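One chain comes next, on its own, written out as structure tokens in the form predicted alone.
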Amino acid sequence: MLESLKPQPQDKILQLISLYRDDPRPAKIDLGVGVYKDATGLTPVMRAVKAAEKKLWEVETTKTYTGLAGELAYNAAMLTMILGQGHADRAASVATPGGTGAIRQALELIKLSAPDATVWISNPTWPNHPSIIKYLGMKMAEYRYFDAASRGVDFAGLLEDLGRVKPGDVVLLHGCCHNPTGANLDLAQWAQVVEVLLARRAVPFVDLAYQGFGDGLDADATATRLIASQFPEVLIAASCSKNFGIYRERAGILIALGDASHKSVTQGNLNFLNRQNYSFPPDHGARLVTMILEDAALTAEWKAELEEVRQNMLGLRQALADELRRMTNSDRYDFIAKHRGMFSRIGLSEAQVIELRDRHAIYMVGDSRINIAGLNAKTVPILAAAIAAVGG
């Protein structure tokens, strides 16, 4: 049996991590891996998470299984954080192993309920989106998103492509902080997208992995809340990895909004899918999130630290844009300060990316996506000088 297996393509980011790890140069810079880092290069445990873990250690009395959907308190707290008030009567939900688990379960639900639906994804998008869709054997199409010339959104192309969506198709949208480009829709553009998708009778599927990393916790949920208020059915896959800094705890959630009369059946199907894939979801990270969101003092501490993280990334964006303007004597990198979230696709060729790696020990994904949080005050001018040196 096993001898019939064929090699699978390597994940490009994981391959990049391996190359970086094996590079002996002491001044190497990692801008590939998608995790937040502080100025020392550490991905820290947030203060509120530390406090919640200490409290949990003191009060936890059992390690028995949770329910198939996870702990109801976690699901309720996440629903409120993402959508605010007013959707509980029509929201079915399950805790998942991270945001990736939520995306997988959402696609499984689509395949179960609408096997002929096409899933539309932005071009470009997070590589796991098309990878999972293809693995599940589902229909897939792309809509234009990124304008390589302006490094902004190709909004005319996006609207034209979404105008071809068929009734019942699913459109995967990045709720905020688009990965990998960093280019985002404004509220007026979101309103037009909603109008087009309503006219096409599509089902929106929102991937919300970076709430709090862009313009603020509530501001980053604005588009998702608009969509939830307008559509009869919406899928939302959310992650706590970034905004709570609990990457390895794998805390995510899938929310399915529909008619209140169908909630019980939808919930039963979500429970069924959890049972088929991993039975009971992990609880430690989810419980920490619940404790933070249910305790006013911990919530305030967490929000303050999340805002520190967000402001740090905004400062790095502005510093890099300014330094590139100085190094290149042009404004062509000013877009970096306008992008939001951890990532920006900066528009270098693959040859330039390789040259940055080989000559300057600077590691980024081949499409020139950089993790802004991989920088600090010392490395910003180093990166800018290297980009100028390779003809960027």
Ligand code: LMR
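Start at 1 with the first residue shown and count on from there. Everything numeric here is computed off the predicted structure, so don't read it as measured data.
Missing here is the form predicted together with ligand LMR; even so, the following discussion is about that form.
Exercise. Mark Lys242 yes when one of its heavy atoms lies within 4.5 Å of a heavy atom of ligand LMR in the model of the complex, and no otherwise.
Key: Taking the distances in the model of the complex, the answer for Lys242 is yes, it comes within 4.5 Å of ligand LMR.
Quiz item: With the partner left out of view, is Asn179 within 4.5 angstroms of ligand LMR in the model of the complex by any non-hydrogen atom?
Solution: Flag for Asn179 set to yes.
Self-check item: Tyr210: touches ligand LMR in the model of the complex, heavy atom cutoff 4.5 angstroms
Solution: Yes, Tyr210 sits close enough to ligand LMR in the model of the complex that at least one of its heavy atoms falls within 4.5 Å.
Self-check item: Close approach of Trp120 to ligand LMR in the model of the complex, 4.5 Å, heavy atom
Solution: Although ligand LMR is absent here, Trp120 would stay clear of it in the model of the complex, with no heavy atoms inside 4.5 Å.
Exercise. With ligand LMR left out of view, choose which of Ala51, Ile354, Met327, Val33 has a non-hydrogen atom within 4.5 angstroms of it in the model of the complex.
Key: For this set of options, the contacting one is Val33.
Exercise. Select, from the options 51-59, 33-41, 328-336, 66-74, the stretch whose residues sit within 4.5 angstroms of ligand LMR in the model of the complex by heavy atom distance.
Key: Correct option: 33-41.
Quiz item: Considering only 80-107, what residues come within 4.5 Å of ligand LMR in the model of the complex, judged by heavy atoms?
Solution: Nothing in this stretch is in contact.
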